[in-house]
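Starting off, we have a lone chain in the form predicted on its own, written out as structure tokens.
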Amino acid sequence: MTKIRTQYNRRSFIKISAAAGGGMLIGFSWLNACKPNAPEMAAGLPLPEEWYEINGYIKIGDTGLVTIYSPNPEIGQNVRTSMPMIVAEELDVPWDHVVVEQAPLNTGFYQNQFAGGSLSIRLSWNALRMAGATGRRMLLEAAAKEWGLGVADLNASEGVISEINGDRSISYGEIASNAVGIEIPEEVELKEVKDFKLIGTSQKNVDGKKIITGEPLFGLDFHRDGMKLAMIAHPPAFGMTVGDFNADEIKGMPGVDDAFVIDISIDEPAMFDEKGFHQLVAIVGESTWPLMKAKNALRVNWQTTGELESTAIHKKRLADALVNGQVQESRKDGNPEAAFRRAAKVIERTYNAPFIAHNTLEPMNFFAHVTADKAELIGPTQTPEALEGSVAKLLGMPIENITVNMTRIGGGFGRRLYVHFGLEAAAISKQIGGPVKLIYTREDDMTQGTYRPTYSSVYKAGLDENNNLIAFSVRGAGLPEGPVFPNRFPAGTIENYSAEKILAPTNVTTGAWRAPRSNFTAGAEQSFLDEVAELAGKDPIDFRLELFDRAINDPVGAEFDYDAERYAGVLKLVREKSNWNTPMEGVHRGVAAYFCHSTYVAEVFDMVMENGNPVIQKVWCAVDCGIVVNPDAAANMIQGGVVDGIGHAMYSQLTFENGSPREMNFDTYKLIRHSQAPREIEVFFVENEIAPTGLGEPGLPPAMGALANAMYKATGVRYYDQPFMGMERKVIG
């Protein structure tokens, strides 16, 4: 068995304490992510008489129930189900005996208490296993002491301890209180992967029933007696600030209690603080409809303080940056310039993508109650610790006087990393001297910023007379951050290679959008590689595998940040599962493969033409993410990423005129419809014993490239600019 230490430093430890009414509490300070379950999951077991909510603890009750307090936000990645499964596996309790509850923010106890970067399971794997395994060991020692046996004489399984060579048995609930005084071992044994019983099985989303029946889970559901509602108006354009406004008129409108300007600017702002609109008009009242009418009646003297950028300016800045921009990160192997000069064939293509918004299903909202000496915040945030720190700075209040509690998040993938809406709620609460819930309209959200940056990349490849790839270069610029990853594929596969990531300025606020930078780069890179393969007269998958063979057997350069065998493995798996080498009449196929968030994904799109429109008939996905905890949930994440990638590649864009976004709601900003999604998406996972990696984001990037390649096969047109289609055309499914 694998052994793991229970103590590493002062912040990573396990401790045991008694639960009131009997039972055992197992605390672990570096649990990074797991999510609330529900008491009704504990089939056949009554709840203990008392539950004590202690942050970061596994709680074993005298009835045998196990409660896990989860520190990290639930953003739809289904960790509310998968994380408890990991603990239950090592603890060896039946899945329906596990209850999980959301913990509040506790920066002194937890690390990595956030949702982002597809890191939840990846960072939590060892911590959760350690906690479960330690609980199991302590229970075994308690039973051994009770019976006068050695731990080696006992077996623990399904919540019951039994003698290996005897008839005695006892449930975890019956022996839990006896384990409290037992010394914690310095290391515990973890199960071998082959012995997993729960991990690797599909379990339903434990919040599924609550979601579809409308039980209060989300920030918008939160209510507290006596709280006010608030709405805001920010400047209509990037490069503007708030002047004065018709405050007396607004305050006199029915249903309006107050109206005023708030300022959320902070000295030394942190990573996730607002960079665009620091000053806003806030309107406070009892219900949303009067507030919305008051917003429409606002007459604000907006003041221009910076350049009012347009889409034309953005395009020019990107083009200039590609020629003379500031290179932030680069790599160069061999002599690409000389290789291009001697190449028999050279191909160069430019790819572009616009700003795009997150458009979360649940609009931005947050509750705040600020008093003279403390502040309480409740709502949907991916970064509770960042919010806590920023509120402390804004209010000039000691951080220990700030509390942040998290609700379930109705969509995000980066949008709720940024904490401005929580700060705004705190500023409004301070001004009115009472509790308030801030609610954004869709237009507020879509025009505020934190968009996916706009990008432009130039790819160039050179082939020799035998159609071997001998030179490759990419220069990529973004507003403000470039999209290139210099040490990712095809780095390490080509003798003469260069990659440059270039910065360019803008006052439009941007931020992380699902699979940051990868969401554009995968589409551009994989589209280009298909065109290079066609120029070389080679099958697209064979062409890619040739490159991986070089990286496996004779890699170029000092480093590259992917495992070439695993990368090639998903391509081989998707080739096999999709029967790639067997042509199908009327079916046009595109392939792409990409590595990000430590996970490898390859996808094949099958497309047919119906009534002159391309229809995505089926998508085949091969994924290497290490051990799969919950297969159905994992497949759902990949499927969702595919649909998301298709929709945004096909339709989504934000354009600007005089600093203002033109698209403000779904009448002008198109999202994919149900009828336009693929008719079938099948997902295959590589089986191995590697610790789990990310899944929330890696399914999206290759979808954009595979879609573009399938569309070329179906229509004969190469797609270099996103969105691929305007409002007048559609992909149906």
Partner chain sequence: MANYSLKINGKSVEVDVDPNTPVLWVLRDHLNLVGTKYGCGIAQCGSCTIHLGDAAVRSCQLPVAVVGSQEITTIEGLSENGDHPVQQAWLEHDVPQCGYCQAGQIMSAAALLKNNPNPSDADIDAVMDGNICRCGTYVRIKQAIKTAANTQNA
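Because the structure is a prediction, the values reported are computed rather than measured. Positions refer to the first chain, counted from 1.
Beyond what is shown, the protein has a form predicted in complex with the partner chain; the following relates to that form.
- Taking non-hydrogen atoms only, Leu65 never approaches the partner chain to within 4.5 angstroms in the predicted complex.
- Taking the partner from elsewhere, Gln639 is found to have a heavy atom lying within 4.5 Å of the partner chain in the predicted complex.
- When the partner chain is considered in the predicted complex, Glu687 lies well away from it, no heavy atom lying within 4.5 Å.
- Contact between Thr213 and the partner chain in the predicted complex is found at the 4.5 Å heavy atom cutoff.
- For the three marked residues, Ser518, Leu654 and Ala708, no heavy atom of any sits within 4.5 Å of the partner chain in the predicted complex.
- Note that among 602 to 610, 401 to 409, 129 to 137, 573 to 581, the stretch whose heavy atoms approach the partner chain to within 4.5 Å in the predicted complex is 401 to 409.
- Checking Val323, Val151, Ala338, Leu361 for any heavy atom within 4.5 Å of the partner chain in the predicted complex turns up a single hit: Leu361.
- For the candidate set Lys251, Lys197, Lys204, Lys345, a heavy atom within 4.5 Å of the partner chain in the predicted complex is found for exactly one residue, namely Lys204.
- Within 4.5 angstroms of the partner chain in the predicted complex, the stretch 278 to 316 places a non-hydrogen atom from each of Ser287, Thr288, Trp289, Met292, Lys293, taken in sequence order.
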